[in-house]
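One chain comes next, on its own, written as C-alpha cells: the form predicted on its own.
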C-alpha cells in the first residue's frame, strides 16, 4: 500500500467553499458572476489550480464537475426542499435576523435545523471529493458554519479557514439560538476564523469560551480539542482602481451631470443604494428625510433624494411587505412636498448597471449609508473611491462594519431619526474645505487595501496556520 505524501506542493491549492459557484447559467452557457469576491479570488485559484465548491443557483440541477476559466467548478446539488428549508428557512429565517441583532425576531424551527445540517454535509462531502493532500479549504459565510468541523472529521490534518461576511452577534443575542453549541463547534473546526470587524471577532471569542468551552489563549487565539485556532478581524475591501477609473471616465462624468439635470438640478442631491432588506434601514432613512423637510417646508425644493433599492428575496412575504411600506412612505413624502415636475424622492426598485451606479456616486453630494446593522457595507467604500474631486459627504451608520475604518464620515445612530435629519442638514451646509479634508481621509483609508490585498491577507493567514 502506498501511503499519501505528507509533503505539501510548492503552490498550495485553494479550495473555496461558498453557497454559490462563481459562475451562473445564462442562455445555456456558464458566465462569471459579477462581484468583488469573485474578481479577487479567481486569479488566486487560477494561479493555484484551485477549485470552487458551491450551488449552481438552479434547484434540482444535477451536473458533473467542470472547468471554467482555469478553475474546477464542483457543483452541489440542492433540491427545492433544500432551498426552501435550508436557505429561505434556517439561513434567512433564523440566522440572518439573529446575526443582525434581532432587528426582526428570528424563527427557531427543528424542521429547518435538520436541512441546514444535511446541506452542510453535502458541501463538506463535495469539498472532500476535490481535496488533495496539502490543500487549503476556505469556507465562506453563515450558510456553511458546520462545514469546518465536518471537514475536520474527514481530514484531520487539513488546513481550514472560515470567513464570516455578516456580523457575529453579541453573546446575549447569539445565546437565543437553540443549536448554538453545534454552530460554534462547527466553526471551531477551522484553523483560522476571520471576521469583518474587531467587534465580531471579539463576540465570537467570547461565545466560543462561554458556550462551547474553548480555552482562552489570547485575545486573538483559542484552544479547542488540542488545536490552536486564530481569530482575526479582516475587513473586506473593494477594487478601488476600478471605481476610480470609472468615475474619471468622460461617459460617467457626462451621465452624472445628466442625473442632476433629470432631478431638476437640486442644490443638494442625496443618494441611498441598498438591497431591499430590513437590515438596511431604508424606512428609517425616509423618516429622517421627511423630518428634514418638515423643519423647512419652504426649502424642500433644495433637496432631492434618490433611493435605489435592489430587489432581494422577492418571494418572501416579509420582504414583499417591506417593499409596500417603503413605496407608501415615498408616495406620502412626494404627495406632501412634491411640485409639478419635481419630487423630493426618486425611488428606483431595480438593479443598476455598474457604470450607472458609479455615475450616481459621482452625481451625489451626500451619501446616506445608514443600515441598522451590517457586516461591512461596501457602498460606503465605493462612494469614497468614486469621489475623485475629493468633495461630497458620507453619512454612515455606527452599526455598519465600515464605521470601524471610515471614521471621517459623519457617524450617526440610524435609529435616531432627528439626529440623522440634523446630519443631512450638517452635510448640506458643510464648507468645501471641511468636505475635502474628510473625503481625503476617507479615500486614503479606502486606498490602503483593496479587495486583492484582502484576499492575499486572508490566504497568508491560512498558509501560516
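Since the structure is predicted, the reported quantities are computational estimates derived from the model, not experimental observations. Residue numbers count along the first chain shown, from 1.
What comes next is about the form predicted together with a small molecule, which is not displayed.
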Notebook entry, point to check: Just one stretch in 364 to 372, 290 to 298, 120 to 128, 86 to 94 has heavy atoms within 4.5 Å of the small molecule in the predicted complex, so which one is it?
Noted result: 86 to 94
Notebook entry, point to check: Is there a heavy atom of residue 209 no more than 4.5 Å from a heavy atom of the small molecule in the predicted complex?
Noted result: no
Margin query: Against the small molecule in the predicted complex, would residue 142 count as a contact residue? Criterion: heavy atoms within 4.5 Å.
Written below: yes
Margin query: Whether residue 230 contacts the small molecule in the predicted complex should be assessed with a 4.5 Å heavy atom distance threshold; does it?
Written below: no
Margin query: Can you work out whether residue 166 and the small molecule are in contact in the predicted complex, taking contact to mean some heavy atom pair no more than 4.5 Å apart?
Written below: yes
Next item on the list: Find the only residue in 268, 313, 74, 260 having a heavy atom within 4.5 Å of the small molecule in the predicted complex.
Entry: 313
Notebook entry, point to check: 275, 180, 155, 323: which sits within 4.5 Å of the small molecule in the predicted complex by any heavy atom?
Noted result: 275
